[in-house]
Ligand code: ATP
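Only one chain is included here, represented as structure tokens and corresponding to the form predicted alone.
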């Protein structure tokens, strides 16, 4: 019978990799909670309408990439393609935004039906940050400072770069959109099929086209900054000054527009040149109109999300391990195995922080001791017929050249307590 394979683009994360994932997640959580962010959790499945209204019906995500389906009641549901819309829905439904300033973080899988490639998968994982109720560039800068602190904690700050742009206000963008369309219409014959479709639906997305010929065309296209009104320009100038004051290095990228319709003003990406085409490891921006779009009152908001698969790829050269073993219990014979399990639990009760691994399968002393040494344990506890007859336990050091000891159960626990108390 043929074995069942995983769905294309939806990958297993195996024990060899989970230590790196856990370390990255723990560091990000540690940093964001120090800035006052609280964890929020919301469903993987939402009503399809949520994403059509927030992301936009004429975006690639909704038109081509979303996993949408009808349930048994005939309701149209979708696997979440991103986290911001679900977070806003949860906040509105539970009354978390009424006159309140909020900072939230979340983590989990997202889903998009794309062509799988390195760094781009159909099931991918994000850690997202969302803030609500705070006007002005101070919170934008705080979010960027959090990102920078995370890169420093992960020792990646010299391998990622901040790219920054402003999309201006909705009014600014409306005027710019028309000027951009007028410009691009002169070159319709030179536009690729994807850009032609976006020309009617979301022309700003043409600016970050990966098609070389299209990239040549947009070099001379009108620049959004030339359409800024006084308020938008002041916002942008203040943001850049604050970043300069904090010593945050950045590169202004006027082609950076982000792929979702709800962004305005500040947009940013942290990118690396080490992952090929999928070089964005964190991205976000301000979306002041989204809460109102989903039925709430106008609410200032900005957020970002870390792509965990890409982040883990950057961290793959570092050594992580969550399989720490202090003591390995070796036992041969049924009676020794039964007593060994009782002994293991007594040791765990006496030393709750100890990592004790008990050999629970077959094998002679020699093979079990090889496994004990391979586990990285400091000590092996050995139980066999002689130990049971004499009511003693052998404690063997696996890392130091010292004689093994024959101890009573009480003496064993005292010895381990002395060896590990200072570490805990």
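Positions refer to the first chain, counted from 1. Since the model is a prediction, treat every value here as computed from it, not as a measurement.
Separately, the form predicted in complex with the ligand exists; it is not shown, and the next lines address it.
**Q.** Answer range among 292-300, 121-129, 325-333, 162-170 for contact with the ligand, defined in the model of the complex as heavy atoms within 4.5 Å
**A.** Among the candidates, contact is made by 121-129.
At 4.5 Å between heavy atoms, is residue 282 in contact with the ligand in the model of the complex?
Answer yes; at least one heavy atom of residue 282 falls within 4.5 Å of the ligand in the model of the complex.
TODO: Consider residue 203 of the chain shown here, and say whether it contacts the ligand in the model of the complex, taking contact as heavy atoms within 4.5 Å.
DONE: It does not: once the ligand is placed as it appears in the model of the complex, residue 203 has no heavy atom within 4.5 Å of it.
At the 4.5 Å heavy atom threshold, is residue 223 in contact with the ligand in the model of the complex?
-> Outside the cut-off, so no.
**Request:** Consider residue 305 of the chain shown here, and say whether it contacts the ligand in the model of the complex, taking contact as heavy atoms within 4.5 Å.
**Result:** Looking in the model of the complex, residue contacts with the ligand include residue 305, since a heavy atom lies within 4.5 Å.
* Could you work out which of 103, 80, 310, 89 is the residue within 4.5 angstroms of the ligand in the model of the complex, going by heavy atoms? => Among 103, 80, 310, 89, a heavy atom within 4.5 Å of the ligand in the model of the complex occurs only for 310.
So which of 346, 246, 174, 210 gets a non-hydrogen atom within 4.5 Å of the ligand in the model of the complex? Of the candidates 346, 246, 174, 210, 210 is the one lying within 4.5 Å of the ligand in the model of the complex.
Suppose contact means any heavy atom within 4.5 Å; which members of 91-112 contact the ligand in the model of the complex? Residue within 4.5 Å: 112 only.
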